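The chain that follows stands alone, in the form predicted alone, written as structure tokens.
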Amino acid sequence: MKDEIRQVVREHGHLSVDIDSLGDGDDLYQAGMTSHASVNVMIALEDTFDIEFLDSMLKRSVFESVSSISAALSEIGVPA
């Protein structure tokens, strides 16, 4: 799952650094992702995994790292 998350962030996160240079727990916002880009990441993740994020998950902390995104997807029921 984390490879797919990284691919989505690579394509939609508009980071100022290469996603491959970041650890799973590194802050994507500090790496250059804007709130607008995080919405694009969210939509792309929903399309990629055929899910819909719960309203309670629509907050900055859910999308701040590959690990936090992975945890949210697991909570929704996406297999690791």
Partner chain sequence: MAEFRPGDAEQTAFLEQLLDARLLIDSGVPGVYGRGEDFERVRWAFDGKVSEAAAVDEPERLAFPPVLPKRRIEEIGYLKSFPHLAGTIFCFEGDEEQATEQEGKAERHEDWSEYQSQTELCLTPAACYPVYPAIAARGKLAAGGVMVDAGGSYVFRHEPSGDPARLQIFHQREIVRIGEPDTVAEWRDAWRDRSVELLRSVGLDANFDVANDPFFGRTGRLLARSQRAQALKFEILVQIAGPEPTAVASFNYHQDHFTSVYGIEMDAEETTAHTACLGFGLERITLALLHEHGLELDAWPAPVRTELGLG
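Quick caveat: nothing in here was measured; it's all calculated off a predicted structure. Positions refer to the first chain, counted from 1.
There is also a form predicted in complex with the partner chain; it is not shown, and the following applies to it.
- Taking the partner from the other structure, the partner chain in the predicted bound form has a heavy atom within 4.5 Å of a heavy atom of Asp55.
- The partner chain in the predicted bound form is approached by Asn40, whose closest heavy atom lies within 4.5 angstroms of it.
- At least one heavy atom of Thr34 is located within 4.5 Å of the partner chain in the predicted bound form.
- For Glu46, a non-hydrogen atom is located within 4.5 Å of the partner chain in the predicted bound form, even though that partner is not displayed.
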